[in-house]
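A lone chain, given as structure tokens: the form predicted alone.
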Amino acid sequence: MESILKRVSESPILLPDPLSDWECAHVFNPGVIYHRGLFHMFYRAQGMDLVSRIGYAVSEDGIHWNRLRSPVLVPASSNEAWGVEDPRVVEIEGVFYMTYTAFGPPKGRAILAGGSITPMLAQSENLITWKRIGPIIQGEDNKDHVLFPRRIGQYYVALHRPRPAIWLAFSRDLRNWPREKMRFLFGPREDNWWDNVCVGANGAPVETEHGWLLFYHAYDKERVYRFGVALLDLEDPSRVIFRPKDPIFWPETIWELYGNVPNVVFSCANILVNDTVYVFYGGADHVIGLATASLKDILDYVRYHE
């Protein structure tokens, strides 16, 4: 089986900076937005303290990057004390929004690795200075959240992942996300070979004439992460039009198979520029890679591949 996405290089496009105190250990799981002819990357970084911070880099081609030497988002409260993680960025009506996961000490019931996680939302006018809006949901093992890049009807819509499935949340103001309006999208397929344990959204869905193109990740019982793709209805994104059975990308290079967490490719960004989809991803929770495909090839795959 051949992957639909093709790596632009057999090497990572971004590595840890050994001279930095906050990104010398790992850089991974970047969110990326294309704005005014430039790729703007927001990546999860860890220093020797292993606290996650969000770094910023900019590029003309998506391959060669200039980094800001200070992070743009750092832990600012007790629920973020152990890190701010896995940013995903969209622009809606002239405002930039970042969804990210806050990781901190347990509050009441520990829900992940001895700590608590909270799906958070922040906004910016300039991509550098970020103001926190607040959480989308609290009190459960829930992350992998990302906004659709426009309102649908009167609502802002977010994908999120109360383990092990992907759900939709709806809000009129980005602050209140009523549980009664949340909708199940899809979950793992127990009889399928690669996405049978847990699934979660990658970057923001891409709007096409055929529907919302959703990239997602999943892992199996051996905890090997792979990417899949689905097509959702434009006006009712809770309706899945197509979801092929096979993955489109998986770990193959040594820096995806071995690292801080082995056998992992994890993406927070699938950016459409002209007719090419750029998928930025973390390899083994240690470095950052890039794979691309034409939009036509991906749509043909998702529409005609069972």
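Note that residue numbering follows the sequence shown and begins at 1. Bear in mind the structure is a predicted one, so any value in this text is a computation, not a measurement.
What follows is about the form predicted in complex with a small molecule, which we do not show.
* To do: Please pick, from 58, 261, 240, 272, the one residue with any non-hydrogen atom lying within 4.5 angstroms of the small molecule in the model of the complex.
  => When the small molecule is considered in the model of the complex, the option within 4.5 Å is 261.
* Residue among 39, 278, 266, 249 with a heavy atom within 4.5 Å of the small molecule in the model of the complex -> Exactly one residue meets the criterion: 266.
* Asked: Would residue 100 sit within 4.5 Å of the small molecule in the model of the complex, counting heavy atoms only?
  -> It does not: once the small molecule is placed as it appears in the model of the complex, residue 100 has no heavy atom within 4.5 Å of it.
* Asked: Looking at the partner-bound form in the model of the complex, is residue 195 within 4.5 Å of the small molecule by any heavy atom?
  -> Result no; residue 195 lies far from the small molecule in the model of the complex.
* **Distance check, residue 297 to the small molecule in the model of the complex, heavy atom within 4.5 Å** => Heavy-atom contact with the small molecule at 4.5 Å: absent for residue 297.
* Asked: Is there a non-hydrogen atom of residue 285 within 4.5 angstroms of a non-hydrogen atom of the small molecule in the model of the complex?
  -> Because a heavy atom of residue 285 falls inside 4.5 Å of the small molecule in the model of the complex, the answer is yes.
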